[in-house]
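What follows is one chain in structure tokens, specifically the form predicted on its own.
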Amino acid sequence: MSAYFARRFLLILPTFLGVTMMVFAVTRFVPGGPVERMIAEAQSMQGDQVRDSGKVGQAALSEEQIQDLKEYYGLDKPVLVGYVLWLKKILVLDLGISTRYNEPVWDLIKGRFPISIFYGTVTMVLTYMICIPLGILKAIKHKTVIDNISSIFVFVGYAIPNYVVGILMLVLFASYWEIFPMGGFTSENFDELSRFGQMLDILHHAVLPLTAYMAGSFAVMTFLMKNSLMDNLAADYVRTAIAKGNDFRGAVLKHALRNSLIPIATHFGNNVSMILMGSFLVETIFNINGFGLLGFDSIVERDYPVVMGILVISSLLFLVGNILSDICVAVVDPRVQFK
């Protein structure tokens, strides 16, 4: 098994190179890059000046200025050469300079880490803490009143997109009833609060966004747990355990539950990789400056250094998360032998 995981770790490098090379090439061939955006902004500003002065202006940027911009952002070189130069910077932890904010990409990303890690970690922990016990209860109480009523709420949460859930809660609980704040991560007087008051303020702002984050994955994890447990409860080894004198509770907890956790374990790595990414729609609705909103804005604004910087982090998390999934499966099910 150790040889299998060693090979998986060795595959991270070629997979990472393939993903980043493909996206890097796409950013070079997609029209409307950062230089074109700057030219358009300069022409817009020149047009306003021409309308104010009534004089005919010259070209917003000369050919030499455009060439200097391309050299500054490394867009004057072939794709392969540019990718190799970018990769050399990545090896020394230099993600480049943002073309929109004119700041180091790492500084922009680093400022979003606490917010994204908070929402991603709490969402994942709450999802597992609620969905696993609820799935077990629904499997044991299959086709009862508890199962039917909980299924209604779970299916409604799954059918409605998380951003729609966020809008509904924002209108009802923040605007109409004014129970929770309209958005943001903290209040304006956050620095003036005590440590305990700061914790309460963060939790007060986090209730509605966390509910919106959990809306989609909640149903998937719950029914995955329920269906997996029901399959194992119908297996021969569970009936044999009961026939040998084990009560139903012991058969569920000691035999069926562990095997039922295998599908949950396979999804663990993917959930880890999604901790930092979040949802740009939810972050936009609640005015949260997280990774999702930063990635969306960087794509819209053609801020390719930020796009590539986020890709580096997200792709590495995804690749490591897949290995974590295999480790979780091996821990849950000792019968699994990776070769």
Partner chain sequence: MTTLPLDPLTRKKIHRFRSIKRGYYSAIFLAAAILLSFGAELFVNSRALIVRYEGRFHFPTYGSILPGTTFGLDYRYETKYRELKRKFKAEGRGNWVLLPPAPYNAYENDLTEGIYPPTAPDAGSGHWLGTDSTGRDVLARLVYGFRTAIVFSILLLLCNYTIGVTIGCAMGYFGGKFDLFFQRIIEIWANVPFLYIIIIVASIMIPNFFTLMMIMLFFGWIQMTWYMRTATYKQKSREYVLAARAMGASDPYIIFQHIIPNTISIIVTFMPFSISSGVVVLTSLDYLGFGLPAPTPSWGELLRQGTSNLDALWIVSSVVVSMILLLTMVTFVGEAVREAFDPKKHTVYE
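Residue numbers count along the first chain shown, from 1. The structure displayed is predicted, hence computed values, not measured ones. Throughout, rigid core stands for the largest set of C-alpha atoms superposing within 1.5 Å between the two forms.
From this point on, the text means the form predicted together with the partner chain, which you will not see here.
> Does any part of residue 94 reach within 4.5 Å of the partner chain in the predicted complex? Heavy atoms only, please.
Heavy-atom contact with the partner chain at 4.5 Å: absent for residue 94.
> Give a yes/no on whether residue 193 approaches the partner chain to within 4.5 Å in the predicted complex, heavy atoms considered.
No, residue 193 is distant from the partner.
> So in the predicted complex, does residue 121 come within 4.5 Å of the partner chain, heavy atom to heavy atom?
Contact with the partner chain, no.
> Does the partner chain get within 4.5 angstroms of any non-hydrogen atom of residue 159 in the predicted complex?
Contact check for residue 159: yes, within 4.5 Å of the partner chain in the predicted complex.
> In the predicted complex, do 239, 285 and 311 all put a heavy atom within 4.5 Å of the partner chain?
All of them do, each having a heavy atom within 4.5 Å of the partner.
> Of these, 209 to 217, 124 to 132, 85 to 93, 239 to 247, which stretch puts a heavy atom within 4.5 angstroms of the partner chain in the predicted complex?
Result of the contact check: 239 to 247.
> Counting any non-hydrogen atom inside 4.5 Å, which residue from 234, 81, 199, 179 sits next to the partner chain in the predicted complex?
Checking each option against the partner chain in the predicted complex, the one that comes within 4.5 Å is 234.
> Under a 4.5 angstroms heavy atom criterion, identify the one residue in 146, 203, 117, 171 near the partner chain in the predicted complex.
Exactly one listed residue reaches within 4.5 Å, namely 171.
> Which residues from 18 to 35 come close to the partner chain in the predicted complex, meaning a heavy atom within 4.5 Å?
Residues within 4.5 Å: 18, 19, 22, 23, 26, 27, 30, 31.
> Do you see a C-alpha shift of 2 Å or more at residue 292 between this form and the one not shown, with the core held fixed?
No, the C-alpha moves less than 2 Å.
> Is the shift of residue 180 between this form and the one not shown large enough to count as movement, that is, does its C-alpha move by 2 Å or more after the core is superposed?
No, the C-alpha position differs by under 2 Å between this form and the one not shown.
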